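Okay, here we've got a single chain as structure tokens, the form predicted on its own, with questions on binding and movement later.
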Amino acid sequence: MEFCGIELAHPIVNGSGTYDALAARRVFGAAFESEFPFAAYVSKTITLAQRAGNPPPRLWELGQGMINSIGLPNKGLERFVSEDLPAYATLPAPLFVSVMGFSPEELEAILDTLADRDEIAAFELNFSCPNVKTGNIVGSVPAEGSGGISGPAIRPVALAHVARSAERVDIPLIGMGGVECGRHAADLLAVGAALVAVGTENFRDPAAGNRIVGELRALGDQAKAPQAV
């Protein structure tokens, strides 16, 4: 399939910050290369300066998902380019780099640095992190009583918003929110998503992407099969 001119093997990608590909490579070794779970890899969000993130606790598990307030910890642009980008370039999938600026000037500086890098297939512009405090982005630490909710609990809301967005725009959409299986991915694709991102489920099952791809293909094969009369 094709997404914004980029050839992809299937429509499943990871949510930014929910899957550490470099750590997974160290743990799974050769199997990582042959069974990489995503059609494209979305990096953790990069900011201009290094960030330690929010103080712990950062995660609170719920019965149907989790509350998180990570706060965008990352090495900063300079160390990302020198340390992580060369390793990301060797992944067996196109690289989408997530970036965020705390001002238009910061975002412009990041993109100016990365725009001509051949290792990067696309950018994700992070305008919606609920866990940092700026002029237009608000949020708290769980220790202060709140955070962002992800996982199965938000799936109906996500499905509704993807459907409404698809009715209003012509650009390709990436649907996400509570995807646990192929059926959930198929629902998002059916209402207009071009790709589906898996997030919270990666914490429970690092191989979730592969399983969801298999289930999605099985649903497609089932739909194509002749029906008994």
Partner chain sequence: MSSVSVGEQRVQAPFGRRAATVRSVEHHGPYTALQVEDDGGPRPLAGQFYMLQTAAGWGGGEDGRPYLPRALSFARVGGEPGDLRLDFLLEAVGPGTSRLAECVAGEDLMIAGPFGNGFTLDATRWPVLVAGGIGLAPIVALDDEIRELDGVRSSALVGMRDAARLLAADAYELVHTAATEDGSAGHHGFVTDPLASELDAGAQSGREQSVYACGPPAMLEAVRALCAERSVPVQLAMESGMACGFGACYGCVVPTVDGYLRLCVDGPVLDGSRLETALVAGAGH
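Positions refer to the first chain, counted from 1. No experiment lies behind these values; they were computed from the predicted model shown.
As for the form predicted in complex with its partner chain, it is not shown, yet the points below apply to it.
Peer 1: Evaluate R211 for contact with its partner chain in the predicted bound form, applying a 4.5 angstroms cut-off between non-hydrogen atoms, and reply yes or no.
Peer 2: Heavy-atom contact with its partner chain at 4.5 Å: present for R211.
Peer 1: R183 versus its partner chain, in the predicted bound form: is there a non-hydrogen atom within 4.5 Å?
Peer 2: Contact with its partner chain, no.
Peer 1: Does the 4.5 Å heavy atom contact test between R26 and its partner chain in the predicted bound form come out positive?
Peer 2: The answer is yes: R26 has a heavy atom within 4.5 Å of its partner chain.
Peer 1: Give a yes/no on whether A9 approaches its partner chain to within 4.5 Å in the predicted bound form, heavy atoms considered.
Peer 2: The answer is no: A9 has no heavy atom within 4.5 Å of its partner chain.
Peer 1: Looking at L59, V169, A49, A160, which has any heavy atom no more than 4.5 Å from its partner chain in the predicted bound form?
Peer 2: Flagged contact: L59.
Peer 1: With the partner absent here, would F32, M66 and F203 each sit within 4.5 Å of its partner chain in the predicted bound form, counting heavy atoms only?
Peer 2: Every residue of the spot touches its partner chain in the predicted bound form.
Peer 1: Can you tell me which residues in 71-89 come within 4.5 angstroms of its partner chain in the predicted bound form, by heavy atoms?
Peer 2: Counting only heavy atoms within 4.5 Å of its partner chain in the predicted bound form, the single contacting residue of 71-89 is P73.
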